[in-house]
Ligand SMILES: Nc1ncnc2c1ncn2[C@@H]1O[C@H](COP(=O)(O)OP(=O)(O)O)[C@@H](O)[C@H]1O
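Before any questions on binding or motion, here is one chain by itself as structure tokens, the form predicted alone.
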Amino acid sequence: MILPLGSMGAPQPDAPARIGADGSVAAVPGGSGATPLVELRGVTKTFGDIVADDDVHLAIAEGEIHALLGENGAGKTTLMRVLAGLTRPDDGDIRWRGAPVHIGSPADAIGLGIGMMHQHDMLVSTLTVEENFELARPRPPLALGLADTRGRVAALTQRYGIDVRPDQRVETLTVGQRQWVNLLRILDGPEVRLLILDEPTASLTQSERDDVFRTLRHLRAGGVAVILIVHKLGEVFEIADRATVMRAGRVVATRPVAETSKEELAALMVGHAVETRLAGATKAPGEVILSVAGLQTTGAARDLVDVSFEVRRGEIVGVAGVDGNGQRELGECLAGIRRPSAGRIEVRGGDVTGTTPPELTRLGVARVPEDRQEHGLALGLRIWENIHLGRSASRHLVRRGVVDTARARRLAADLAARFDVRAQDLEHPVGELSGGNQQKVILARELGDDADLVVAMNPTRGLDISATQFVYEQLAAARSRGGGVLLVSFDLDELLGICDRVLVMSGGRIAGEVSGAGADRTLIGMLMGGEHHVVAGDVAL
């Protein structure tokens, strides 16, 4: 439960602006001026031959939530880094309440009241929550001691209903809890007038996302402006007042959210109409490729209880549920990372219960992990090395114990082209790629050998609309060639858009099964909430 801001002292707008029908910012009649809170004029930034931002103009009003949309590489994050003092532009200027300002460092931005939360958190995993708060303070660390910090952290987490202890090590937190710590660190600092959030909900559960949005509405009511970099169009219509779309480093349109649609925004982002729902399977499913019977775990964050289901060749089976109901534990068992305490897992009729990840790879099981940077890639290794990670032997790239690098590079180039990995040189570290291209590297590795079974855990998290569509197409291609796909996702729209069947998990159990397209959302919500005795035509219990 999130409480009002109250004593946080959110600033009140002294010259409120009005959002015009064309998306422009104008003065409120009778106000002291037609001044946006912040305005970027002609901002340009290049990196060598790459033009990240090209003559960008953007105005943000006080007390508005402004969504910033665009594909990966469209220039959104670079533009916000300019505003946060992390990147210096080559040209253009910034105005704050109408006056020119120089933002040459993060300290300059903080002094104006600009705070930015990055897509990938900046926390030190080995330190505690309170120690990470201490590092974010503008004064010298430990100037007041951890006792003062501990009290502030405890008050903030209590106010926002976050189940995190000040003395808890960050490495023990869930992804969602880490995101909350990042946000609270900003709100704990100097008074914030402009809050920039880069993909803040990509790793959050539905309830955590709702809590963040509730916080943003409180901030907006107090006159704080929020810039929200976001890829999920549904969230734009849920929270934002206006939306600006960037493409290839330029602003292509700004729209009041009430006067646009998902279809228009998607088309503006990619330059053409986008179809986000895939056609269903063209033929009946074949033999069972994955069989799970009576699966149980003990000692996990959420124990599995008698989980049983099947995935057949030629179908995509989804797994839905509120985060924390056993989906991750199920994925870990299927990936060979966690050994179940009871039950049986079979692939093509053979028992693979407790089998190691390398052996599962040899058996034709592909795994797309939930966190591509933490569990999917070796960020310091080169792109071509990541494409073959764990597969050099199965791809016959090893001769007399030595990798044939020339052949490995050629094969990696072929796979990179097939999976649309956009990189100037495969010799660069994979960590330098955008999130969408990093995910394509994982797809090239895992799906490049035409796996029989694909287990994908939230594979579109943090991806733009084009990269998301590409992932969908690859999963559909795996289905079409006779493979089976198990897709675990916290995005119900995604599951209903591409899956043939959807299993609903609650409390570590399979609460029910619904058909994919046209499934009753109310029914799914009841199953997610633990209703195991729902009767409906499209449900198997």
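Because the structure is predicted, anything quoted here is derived from the model rather than measured. Numbering starts at 1 and follows the sequence shown.
Beyond what is shown, the protein has a form predicted together with this ligand; the following relates to that form.
Looking at 219-227, 77-85, 375-383, 340-348, the stretch with residues near this ligand in the model of the complex, meaning non-hydrogen atoms within 4.5 angstroms, turns out to be 77-85.
Although the partner is absent here, Gly73 sits close enough that one of its heavy atoms falls within 4.5 Å of this ligand in the model of the complex. Proximity of Ala477 to this ligand in the model of the complex falls outside the 4.5 Å heavy atom cutoff.
This ligand in the model of the complex is approached by Ala52, whose closest heavy atom lies within 4.5 angstroms of it.
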